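Listed next as structure tokens: two forms of one protein chain, kept apart as structure 1 and structure 2.
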Structure 1
Amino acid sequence: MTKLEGDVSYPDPAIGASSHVPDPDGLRRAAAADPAGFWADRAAELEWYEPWDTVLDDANAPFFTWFVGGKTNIVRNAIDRHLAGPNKNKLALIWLSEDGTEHRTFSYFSLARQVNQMANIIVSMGVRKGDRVTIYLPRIPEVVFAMLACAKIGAVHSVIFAGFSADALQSRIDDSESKLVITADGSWVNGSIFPLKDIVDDAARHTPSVENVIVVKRTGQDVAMDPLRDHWYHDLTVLPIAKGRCETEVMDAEDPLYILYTSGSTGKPKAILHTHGGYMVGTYTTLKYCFDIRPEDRFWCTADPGWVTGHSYLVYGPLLTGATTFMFEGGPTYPYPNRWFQLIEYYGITAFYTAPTAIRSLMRFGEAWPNRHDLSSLRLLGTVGEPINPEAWHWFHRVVGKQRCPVIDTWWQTETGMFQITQVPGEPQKPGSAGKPFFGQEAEILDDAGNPVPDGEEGFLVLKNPWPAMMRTLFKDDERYVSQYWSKYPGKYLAGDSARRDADGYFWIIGRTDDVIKVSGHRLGTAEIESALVSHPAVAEAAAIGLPHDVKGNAIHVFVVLRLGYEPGEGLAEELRRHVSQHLSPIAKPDWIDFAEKLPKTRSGKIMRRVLKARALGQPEGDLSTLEE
């Protein structure tokens, strides 16, 4: 194996040799030579009602279309095709409640029955192909039923994270013009009830498109029910309308599957539009190859279905590959910091995919909690949502993976639908790097004028090739789709992230381009500054922002969350400044350090630096609907 530069983890060669991709470099070369052929071969592993005529049509770029003329439905491949084979009675979904008292399992056969039932009920509400349905449910099996039921009948689902405010929910329902909302009476969050139905009631007062609301009984609390609009799901399931088989709708490959709202760092939330055919092929292929999915695997993606990671790799991806997907209602530290490790041991989880922010939160409690559990079932680990700092990578690899599980970092976006920069299990891994572009993809680092920058230098990350699971547009906003993603560098997708590539071809994501701080002419990534801080033993989490400075242009202001056992103070602040100066650069030494109990984050775990900047400047904090709490 070629010797690589820097800090490198070399997996056991047997891991790669026995995987779906025993020769990553060879497959990468073949896919680069014929991307359309690569994706056609992957699509042929799935079932189609009618074959496609053209793999990729780029005549109307950037409005690319994939598998043109092909007829399919993602549910045909996520459920229906498994019913005629050995997976029929295999567990498709395992679910556990937050408090551990409720445990539900569904084979592929029983999942199909639940989806048929939900689909029949949705059809009875007057929903037809192309109509939008808003799903505002917690992490319970019904959210999976609802998503798959919508896809099955050709409706377009819009899943809203079950924690948004009434105003945020109302704006998204209005934008999508949903006819139906599916929600619950409430959800359990760290032992307390979050009032989902009350929020829907507040939102629905201002959403004239909503005709019906289906309510799942989750907490059992009393809620108001409008007799003309609201329906208990358990009451509907016993009616004749819910019974019988619901035929899977034949969909064109380019028919819409779902819209998903993403706020970004500023501006009006964008409704990302994905379609049946390409999204199906992309999520299936990336999960199969990058997590080496095997028939016996139990895959746990800790993301919520309200975010794209939950869509692609909690719901659709595992079912498309025929794996068993595990869903847990609760978080990592309630009631104790060993909760996730306890579940990995009990359920025999083989692949565990989570966010760096969760890993760092667990690091705060030390190694004793994970070491109480037998984690030997784990074969692969993965991270998603933000760049992982090397210290967290090594802790995850050593303490959770026992130095035998590759850590598959993944860079992708709501817009991309599937992994774009990542690794496969047998490849050497560089802690902190996202890896290399997925097979068939090419990426570049460009300067502001569009010129490639030398290896090691930072610039704008762009993707050069279209890919099957790419968003097709922004719902009802083609113009914004073109201007935001394709106008700066015509013909290339602007990711909105700053990154660099090293001499070995590995990509390092620095952060959003609006999260790059320019100090005295030097571009400093927030992720780099934060990694330097987190490498200090006192620091659990950190967030860096740039504030205006008369001389330097920007001054560095950081917010720090300490580990247990450390106390804030000026002495520690000065020690941290010296630490950053030593481990990154004197230029990166923070001008101010604020100690905080926690950082403002989105529900997907991304730090909201614009909120921190507004607080530091005493300005309005803007839309907070995407915050974790």
Structure 2
Amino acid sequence: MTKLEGDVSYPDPAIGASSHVPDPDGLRRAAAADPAGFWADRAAELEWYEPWDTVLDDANAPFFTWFVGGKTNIVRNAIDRHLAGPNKNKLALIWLSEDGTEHRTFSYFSLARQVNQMANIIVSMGVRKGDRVTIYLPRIPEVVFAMLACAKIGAVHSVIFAGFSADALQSRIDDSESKLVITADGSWVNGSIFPLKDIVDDAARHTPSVENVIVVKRTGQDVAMDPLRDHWYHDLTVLPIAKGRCETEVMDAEDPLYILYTSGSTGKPKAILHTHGGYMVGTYTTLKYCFDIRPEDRFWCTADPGWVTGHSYLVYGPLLTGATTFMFEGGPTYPYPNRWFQLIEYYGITAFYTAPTAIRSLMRFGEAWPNRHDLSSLRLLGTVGEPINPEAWHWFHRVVGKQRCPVIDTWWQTETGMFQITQVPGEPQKPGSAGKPFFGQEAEILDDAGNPVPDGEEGFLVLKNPWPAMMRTLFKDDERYVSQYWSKYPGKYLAGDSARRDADGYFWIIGRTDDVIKVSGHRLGTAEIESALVSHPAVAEAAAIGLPHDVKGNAIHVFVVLRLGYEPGEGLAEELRRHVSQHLSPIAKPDWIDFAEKLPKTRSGKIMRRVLKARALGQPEGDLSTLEE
């Protein structure tokens, strides 16, 4: 194999082949020869009310449709079909509270009861097929019930990460025109309460579409309840409408399942739209193949349901494959840095899927913490969200996986819905590389003009063919869908990442090429951070950039030009940091604030973040010909 910088080929003989993919190369060739046939065979493993006529319709590209004419519902496959077979009383969901004192388990049967109850309650609030429901909940079982309940009745869920501020929540509720918001009184974050209900109250003052708010009791502090709008969930569950039976709505394969807001290059987050049929087939297949899901598996995806990873691989994927999904309310290091390892041991987790930033944060505490625990239940490890540096890869592989478990690096996006470039168990591992395109997928690295670059050279990552779990459009914005993803290279999907491919066909992701910063694996738009800053009275202009950070991958560095009458200083810097935290999210809190006299701009007034970044890193500033006088 060709050596690239950072390349350590790792064909570990101890890594067993996947039981579902005994011959990855053979399957890759077969799927490449007939991608539609490959996907049709996978779809046939799932249940449909009515079969599809056409696997893929590309007549209206880039508005592709999949399993056209087919009728299904993702819940039929995530829950209903398991009730008729041996999975009925198998654990579907295991949940543990942050403080470890509450443990709740749900078999497929009892999950179905919970989902049905919530579905009936949602219907009683006047929500109908196609209506949007905003879910703003902590990592508790009710978030899973709520998502599945919406899907079951054909409503479109819009889950907002329960760390977003009132402003961010408000704009997302407003854009989705949700009639119903499902939230909790609060969430637990490292032993403190984050006041979700207060934030919803703030947000809902400016969201005329909201008719009802369902509130799950989680933290128990007093919260204001509007008697006409707000309802405690536990009060609703005892009403006659909250029956444990509910018919699953027959959905067209192409009917929307959910929207999920994500950051892009403008201040306005975009809502990625996914559908029932293709998304179901894509998440089912990728999880089954890449994590070799077996009947006895306990799969732990540490992502929050507020992000796509939580949607695809904490909720839908594991349930579609009939696995047991584990959800933990807390984080990796509270109260001690052995928390996750303790839970892997206690619950016998077999596959563990997390983010490089979490691995790096755990590495800092040393090997003694994981070594206190028996991690022998683990069979596979996985990572997602940002490139994994080989050092973190080796630590994960050696200290957590005891050199027995493959590390499945999965490159994908909110937009792609499912893994796109990924390792497959049994294939040689290259630490730091996300692997090869998934079966039936084709990816390529192009230069600015659209020509493929030679192996080993950096360029723009594109996906060459459609896949079932792809977003169908941006909600209410078909134009932006086309211009942002399909216009730079007509007919090809522009991922927004730079990458290299090596001579073995392995892809090495470098990072975003647009105005998106990945901070601890979270996706933030520079424009969102900047607009939060300029909403402070002291700030005239702001520019945000990402700078390399040992644990977070990137840290947020902002440059601020103050209005007349304001003086730079540590006090103001701290206030601005707090302001961003409150007006966008604590995850967007800038790490550094630099006060500047002016910002480098092009003559047309666009901030040259590239120049700011070069200056901050002490690197050459490059071509400055477009810089204004």
Ligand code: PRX
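Heads up, when I say rigid core I mean the largest set of C-alphas that superpose within 1.5 Å between the two forms. All figures in this text were calculated on a predicted structure; none of them were measured in a lab. Residue positions are counted from 1 along structure 1's sequence.
The form predicted on its own appears here as structure 1; structure 2 is the other form of the chain. The rotation of the smaller rigid part against the larger one between structure 1 and structure 2 comes to 133 degrees. The two forms, fitted on their core, place the C-alpha of R615 11.8 Å apart, compared between structure 1 and structure 2. Taking the core as the fixed frame between structure 1 and structure 2, we note the C-alpha of D514 moving 3.7 angstrom.
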